[in-house]
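Presented below, as structure tokens, is a lone chain in the form predicted on its own.
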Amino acid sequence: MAILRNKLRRFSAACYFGLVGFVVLAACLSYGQTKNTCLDCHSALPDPLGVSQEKFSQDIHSQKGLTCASCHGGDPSSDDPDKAMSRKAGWKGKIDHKQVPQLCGSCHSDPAYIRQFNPSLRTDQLSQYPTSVHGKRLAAGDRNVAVCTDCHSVHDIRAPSDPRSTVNPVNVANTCARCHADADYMKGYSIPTDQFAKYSTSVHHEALAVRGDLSAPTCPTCHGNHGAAPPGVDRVENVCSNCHTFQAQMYEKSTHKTAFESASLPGCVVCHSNHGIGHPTDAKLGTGPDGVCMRCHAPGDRCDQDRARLQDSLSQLDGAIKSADQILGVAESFGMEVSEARLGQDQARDSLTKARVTIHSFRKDLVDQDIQAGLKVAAKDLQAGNEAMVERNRRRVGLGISLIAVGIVMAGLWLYIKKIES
């Protein structure tokens, strides 16, 4: 009887938990299948009216619990089209292009509302947009300029951190290029359309696309996003200095700053370009096709002489580092201990990097400080490499003498054995 009672209790418990599971499953299914007549119809329509359930399910708004009615109004629970799209139910239908910023901003500029979804999300986008070139032209009646949906998409908006998002750092340049690289679309705006092509060849794009550095600059980094505007000629160095701090500090000490400002030249862009920034090399100080100094300076003038001396100093340190690297590499391949000198080479390379940064001051005395520090370290490392090679030769001589001595002993033993045998 006790065994039977235990079985009955286990059976009752199983039935109870099974019933609870069924109720929970039914609740989940009913939640996931909330009636939405908007999608029932629009999932069967072709683009641009077509919106599938799968597409909308990827949208960040859908994932946060918002529905079609959140933006378009209406009653998605009604099967009657007249009621579903009733003006009394707040139905807006197609949102006019000019009304999009205000519609998005009705939620995104409300901190109390946004905080319940994402407390860290900014709520100043709408206030920034009218200050942008896009916002100003929209207010002036230009319907071709970008609004929220042109950059963020419409019914499949993803968080910027999502690699599939149109505004993810990896994709945002392509998003801007949809308009700014289209010559026909941009006709009449009097701005170039080769920015994206140039950016694709730049060191910034390489850092982002090849090395995977998501902090590398893209269009919004320099131009802003919601308050997008091109930096003025007198503000370019302020934009660059957000990342290139030390170069900016050196530039402040340079005569170029005053000269560029008085001539209304755009600072860093004069030598480095803007969208197509290439790898900075010592050749920029040269007189070849990559040189930039002689675009402004005359051959033989004081600045040209300083340029030549600076380039020679950099070449001297670069050559000293390479010479030390070579001898240390040979010594290391023979098993010699040169690890300390190898570490020293990192210091010499750091000095070379600092000297290349200090070039932006165009003061030879400041550059020479870094050059001399690097030359001192490189010379010490070269000496360590030479001493290691001398030690290697000494060991070789010692090994040779030892082998000869061993050979003599072996020969003596062989002769002694022969004598005994005879």
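From a predicted model like this one, the values you see are computed outputs, not experimental measurements. Residue indices: 1-based, along the sequence shown.
Note that the form predicted together with heme C (HEC) isn't included here; everything after this is about it.
- The closest heavy atom approach of residue 380 to heme C (HEC) in the model of the complex falls outside 4.5 Å.
- The closest non-hydrogen atom of residue 337 lies beyond 4.5 Å of heme C (HEC) in the model of the complex.
- Residue 264 falls outside the set of residues with a heavy atom inside 4.5 Å of heme C (HEC) in the model of the complex.
- A residue is said to contact a partner when one of its heavy atoms sits within 4.5 Å of a partner heavy atom; residue 38 meets this definition for heme C (HEC) in the model of the complex.
- Residue 100 is the only one of 209, 330, 139, 100 with a heavy atom lying within 4.5 Å of heme C (HEC) in the model of the complex.
- Along 402-419, not one residue places a heavy atom within 4.5 Å of heme C (HEC) in the model of the complex.
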